[in-house]
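To begin, one chain is listed below as structure tokens, in the form predicted on its own.
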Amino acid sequence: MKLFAGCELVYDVPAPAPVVFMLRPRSGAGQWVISEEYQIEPGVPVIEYTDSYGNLCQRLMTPEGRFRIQITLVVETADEIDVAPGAPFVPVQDLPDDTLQFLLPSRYCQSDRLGPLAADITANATPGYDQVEAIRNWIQSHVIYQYGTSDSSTSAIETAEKRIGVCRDFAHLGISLCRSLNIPARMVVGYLHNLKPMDLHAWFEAFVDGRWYTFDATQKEPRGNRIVVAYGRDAADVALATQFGEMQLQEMKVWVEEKL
């Protein structure tokens, strides 16, 4: 499906402040960026660089006053995500070097403390893809999705205890449980068609049988038509905006529509 997507951010900036945005997706597996357009008001110089996870980052100084940034995209997306029941576990000694960082505990994903829960959830699952699917299904079935029940400091441990949260919390918990079983897992942020209510979305990927697979614990069934914007260890690596000064977000709009 061809999607028309984008987001608009409006800030009030008391004094000039440096900020790094992460708004531009790359073409890759399951998506082809046909076109994109930036609007920045007032116009300022932008430096773009690629971070250590391959994400495109936009670095700039926001001027004092009202600051607006908008990106619009047209992206060809896969209608379905790949699924692979029975795909085998990859022993740590056979993992590619670049996946090893996704085995380690990180700021919001304390995988070193969730081993017993992961073992209980996956007790009857074949090592590999089936373990990850058991984790995804358990989160979807046992954790309540509800806005306003967590904040930017909520970690996987807290979500496991309270069993309530939003998409980023579901992803953090899934990542942590996978890592505790020595399955590399990473955070993904982007757009999902027909997400209700519409917002930027978060899910996770796990590495089994020599490749990454998509898992979304907020959804009952596998769903395609996703636009990946960024990958990272957890939410700290994939923030839409990382500001180094006072900037107050006044307005945020997100849209994903079928492009006919």
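The first residue of the sequence shown is number 1, and the count goes up from there. As the structure is a prediction and not an experimental result, all values here were calculated from the model.
Not on display, but discussed next: the form predicted in complex with a further copy of the same chain.
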>> So in the predicted bound form, is a further copy of the same chain close enough to K162 to count as touching (4.5 Å, heavy atoms)?
In response: no
>> Although the partner isn't part of this model, could you tell me whether A134 comes within 4.5 Å of a further copy of the same chain in the predicted bound form, counting any heavy atom of the residue?
In response: no
> Does at least one non-hydrogen atom of A84 fall within 4.5 angstroms of a further copy of the same chain in the predicted bound form?
Replying inline: no
> So in the predicted bound form, does any heavy atom of E48 sit within 4.5 Å of a further copy of the same chain?
Replying inline: yes
> So which of V143, V166, L95, I121 reaches within 4.5 angstroms of a further copy of the same chain in the predicted bound form, heavy atom to heavy atom?
Replying inline: L95
> Thinking of D79, L195 and L200 as the candidate spot, does a further copy of the same chain come within 4.5 Å of a heavy atom on all of them in the predicted bound form?
Replying inline: no
> Of the listed stretches (54 to 62, 187 to 195, 203 to 211, 221 to 229), which one has a non-hydrogen atom within 4.5 Å of a further copy of the same chain in the predicted bound form?
Replying inline: 54 to 62
>> Suppose contact means any heavy atom within 4.5 Å; which members of 11 to 36 contact a further copy of the same chain in the predicted bound form?
In response: P18, V20, R24, R26, S27, W32, V33, I34, S35, E36
